[in-house]
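The form predicted alone is given below as one chain in structure tokens.
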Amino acid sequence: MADTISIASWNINSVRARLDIVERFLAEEGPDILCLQETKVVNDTFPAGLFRQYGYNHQMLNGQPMHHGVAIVSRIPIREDDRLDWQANGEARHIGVRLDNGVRLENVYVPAGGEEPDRTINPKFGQKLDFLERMIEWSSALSDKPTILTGDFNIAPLECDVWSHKALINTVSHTPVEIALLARLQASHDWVDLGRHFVPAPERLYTWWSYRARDWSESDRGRRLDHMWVSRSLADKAVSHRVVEPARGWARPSDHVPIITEFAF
């Protein structure tokens, strides 16, 4: 019988500020591996003890003070800690590991890109585009390495990945230039987008709702910014994929919710 491994990804928007909902998620869902983005904590003060209480004894951390930060915590062995500087400025936005079955797991936090979709007046947008170009270069060299790429990509690629394509077409995260770059990234390794593999377009599928909404659920102005992609060779190993949407309504939530994929290797 194949071994089943569940892998979750969650932009937690400060892991120490949201320990209560992290603990609730671990207790209710208990994935084998959890990839976190925007941990906003240096490695020495990461709440490692809480995760160990739930059996996550294997931890790979790439943090920095107050901003960004990524981590992979796991109940099963993870090896070969790798950190790539796709931002080219030292920001902690990637960490990758190898599972004992040989599969690589890459956890990424793509820059949000600021407010204006114009790199001449908004350097953050240019940094985002350059980040994706570096990811494309990396992805193109993967060859036949079986890889899972997950995290907060900060791009909603399809028209049905946002609450209103017409309203958001010039909004950072859904602009044509970002969508085109993400398509190039996907093509560079023939990645399979598991979100839309299991929930085909145009079905509703969101992972993020702004804090600005008075009632996020009622207005439902969501975007699909969080993704789980796999090498083509791993696509048939994915058993299920789901979004833990109720987490957006938990006390003091992140604006992102977890996604979970179950694999049968």
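Everything quoted here is computed from the prediction, not taken from an experiment. All residue numbers are counted from 1 along the displayed sequence.
As for the form predicted in complex with the DNA, it is not shown, yet the points below apply to it.
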Checking a candidate spot here: are S233, K237 and A264 all in contact with the DNA in the model of the complex (at least one heavy atom each within 4.5 Å)?
no
To test your reading of this chain, name the stretch in 53 to 61, 211 to 219, 25 to 33, 197 to 205 whose heavy atoms come within 4.5 Å of the DNA in the model of the complex.
211 to 219
Residue-level contact is defined here as any heavy atom of the residue lying within 4.5 Å of the DNA in the model of the complex; does K128 satisfy this criterion?
no
Is Y109 close enough to touch the DNA in the model of the complex, meaning at least one heavy atom pair within 4.5 Å?
yes
Taking the DNA as it sits in the model of the complex, is H174 near enough to touch it, meaning that at least one heavy atom pair lies within 4.5 angstroms?
no
Residue-level question: is L19 within 4.5 Å of the DNA in the model of the complex, judged on heavy atoms?
no
Partner contacts for 27 to 56, taking the DNA in the model of the complex and a 4.5 Å heavy atom cut-off:
E38, K40
